[in-house]
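Two separate entries follow, structure 1 and structure 2, each one form of the same protein chain as structure tokens.
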Structure 1
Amino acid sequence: MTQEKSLAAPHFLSNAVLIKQGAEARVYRTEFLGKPMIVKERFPKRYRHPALDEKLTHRRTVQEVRSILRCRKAGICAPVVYFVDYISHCIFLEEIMSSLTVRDHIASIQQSGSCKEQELEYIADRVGQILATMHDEDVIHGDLTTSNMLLRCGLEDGDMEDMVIIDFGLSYISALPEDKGVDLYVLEKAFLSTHPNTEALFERLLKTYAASSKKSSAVIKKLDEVPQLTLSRN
């Protein structure tokens, strides 16, 4: 029975299209029952002892699925989890169709030269609200960038419907303000390096986060301490 289960996902992936490979996992695009689907496969690390590798990979798969489900339960848009194969460490996820990354959307607005300050402010406010909800649920994303946030378009008019958070591969559950502060710090560095001259926009994002979160005061305090801790370690 175990052998049959362990072979199920690899056989399914033989007809899938590899779209991305990182240090931790491969990402495939395929279909199941006529629906577009993404499959994330964590592969073995040959440099680790097999027993340790299996234990760590299993734990990270569990953490990723748990984080997605907790976010969805809290009303945050995240991909639907269709199936999890803990033998082959594959997560079968909804593919978010008719979407573009927040990174590309902000870049498009900035390059257009048109005055769309209200649209940028809406994005900042929405990100702040979503992260506040996520952190209040004690979900740490671990890789917050505007590339891991998708704007899904409405099917009828093409307007932006909502923001979807993706790629929870480094996520975990923690109530510590330090972990949430580091999460925001990662986003701040990624945001400002990807989108030049957006310091005021990120400040707006943080203000919305602070106003929307029930636990924000301790988190913002830790966020302010992160650069000092980084310097002291160096």
Structure 2
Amino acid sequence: MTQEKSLAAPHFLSNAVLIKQGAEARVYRTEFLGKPMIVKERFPKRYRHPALDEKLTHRRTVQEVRSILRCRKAGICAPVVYFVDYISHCIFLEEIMSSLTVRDHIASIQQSGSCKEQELEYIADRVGQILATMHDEDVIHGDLTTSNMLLRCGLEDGDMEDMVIIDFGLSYISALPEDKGVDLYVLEKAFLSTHPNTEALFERLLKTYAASSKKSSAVIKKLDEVPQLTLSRN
């Protein structure tokens, strides 16, 4: 069985097109039964010790699949997993068609200069709501950046876009408020450094998060404590 599986990756990668080298994986586009499909390959990182590499790569592939399923069960948009090859560490995923990362989307809104405050606010609200649901399910994403959120475009004019969360490689399951707080802290820093002058927007995101999550007050309290931790020890 495992042998059969390990053959899947070379077969699909042979006619796949590399579309991105992400933070840790190569992402290819190909087709599966006539449907567009993404192959996310966690290739060996030769800079790190083989034993460490194998451990991390395997753990992340497992975690990514597990958390995507858990999120989808909770009604959070994440790509469908078609299948997984644990030998070559490839995940075969539904392609989110004509999508843009939230990072690129915010950047283009900010660049266009025109008064699109509403669109930015919609994005902040959506992120806040989705994270609230995710954290209430005890899924810690572990790598919350605006590169790991996709917006489907091309819906009818005036329609607000649909948001999809991806890249669950660093995710894990935890009910601890400090884990959720660090998750938000990581997002806050990534968000503010990537998108200058968005402090108010991020505040709004947090407000929406707090209003949408049942267990938010302990999380927000932890979030406020993390920077103090950093400052006092650094």
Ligand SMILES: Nc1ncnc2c1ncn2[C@@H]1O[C@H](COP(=O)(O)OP(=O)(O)O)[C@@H](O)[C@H]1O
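Please read all numbers here as calculations on a predicted model, not as lab measurements. If you superpose the two forms and keep the largest set of C-alpha atoms that fall within 1.5 Å, you have the rigid core. Throughout, residue numbering runs from 1 along the sequence of structure 1.
Only structure 1 is derived from the form predicted on its own. Relative to the superposed core, A16 shifts its CA atom by 2 Å or more between structure 1 and structure 2. The two forms, fitted on the rigid core, differ between structure 1 and structure 2 by less than 2 Å at the CA of E203. Put the two forms on the same core and the Cα of D85 is off by 2 Å or more between structure 1 and structure 2.
When the rigid core is fitted, R59 shows a C-alpha shift of 3.9 Å between structure 1 and structure 2. Structural comparison between structure 1 and structure 2 after rigid-core fitting shows the C-alpha of P44 displaced 5.5 Å.
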